[in-house]
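Here you get one chain, nothing else, as structure tokens; it is the form predicted on its own.
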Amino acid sequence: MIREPNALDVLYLIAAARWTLALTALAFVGGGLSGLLVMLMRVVPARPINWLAIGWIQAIQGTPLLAQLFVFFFGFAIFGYRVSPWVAAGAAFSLYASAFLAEIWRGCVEAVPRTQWEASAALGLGFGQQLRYVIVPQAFRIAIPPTVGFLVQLVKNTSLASVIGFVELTREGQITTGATFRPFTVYGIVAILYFCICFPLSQLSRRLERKLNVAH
């Protein structure tokens, strides 16, 4: 039975936005930790390790995120393992984030002038100490805008999890549209909720960037 959208539908959409945030947080933390490891493998002066990291990045960036979701959700079922939408989405988005964050952070590390490496080496610092005390603090300032920019994209990309039955904001919008047959109204509200999530992140990025530039 078709009906008009009401306040309860809006509350359901807001409640579903919590799962969008939860999935984003899981993917960003998981992807950040693994992405940091991949980034270190990319910059360490050892070619075989570099190749492993490059292979990982190319494999993840060279395949659609939707396909990665299907591999985790449907692929393991072939071997008799049933994977929940939450686990499949969390794993797929974490791997996806790891590849992109690794490349973002590698670029930020390499953006630090080469003279900084040379000066720290002249002081007798090892590779790890160079990264920790000299390079990473400078790269951190550079990394904030692209990292937050990727985080905003990650928030919006979580909408793909709806195809495997994960009930986040977009999926709840589909359910509500099916009940009300008012796609313009429902997806308008969905778009506003996404904006309410993403806009503060962009503003926070600008504030942190200005603060760190002043501190510098």
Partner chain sequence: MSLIKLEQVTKRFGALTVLDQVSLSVEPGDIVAVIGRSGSGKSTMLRCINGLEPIQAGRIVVGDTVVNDPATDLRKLRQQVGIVFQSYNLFPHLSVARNIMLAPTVVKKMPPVEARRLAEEVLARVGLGEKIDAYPDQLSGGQQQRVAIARSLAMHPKLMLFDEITSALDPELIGEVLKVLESLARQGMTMMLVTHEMGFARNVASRVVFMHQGKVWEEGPGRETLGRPRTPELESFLGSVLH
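The model shown is predicted, which means the values in this text are computed figures rather than measured ones. Numbering follows the first chain given and starts at 1.
Separately, the form predicted together with its partner chain exists; it is not shown, and the next lines address it.
- The partner is absent here; in the predicted complex, the one residue of 71, 123, 111, 87 having a heavy atom within 4.5 Å of its partner chain is 123.
- Here the chain stands alone, but in the predicted complex its contact with its partner chain, taken as any heavy atom within 4.5 Å, falls in 115 to 123 among 77 to 85, 142 to 150, 100 to 108, 115 to 123.
- The three marked residues, 24, 28 and 34, fail to reach its partner chain in the predicted complex, with no heavy atom of any inside 4.5 Å.
- Proximity of residue 94 to its partner chain in the predicted complex falls outside the 4.5 Å heavy atom cutoff.
- Residues 137, 138, 141 are the ones in 136 to 157 with at least one heavy atom within 4.5 Å of its partner chain in the predicted complex, listed in sequence order.
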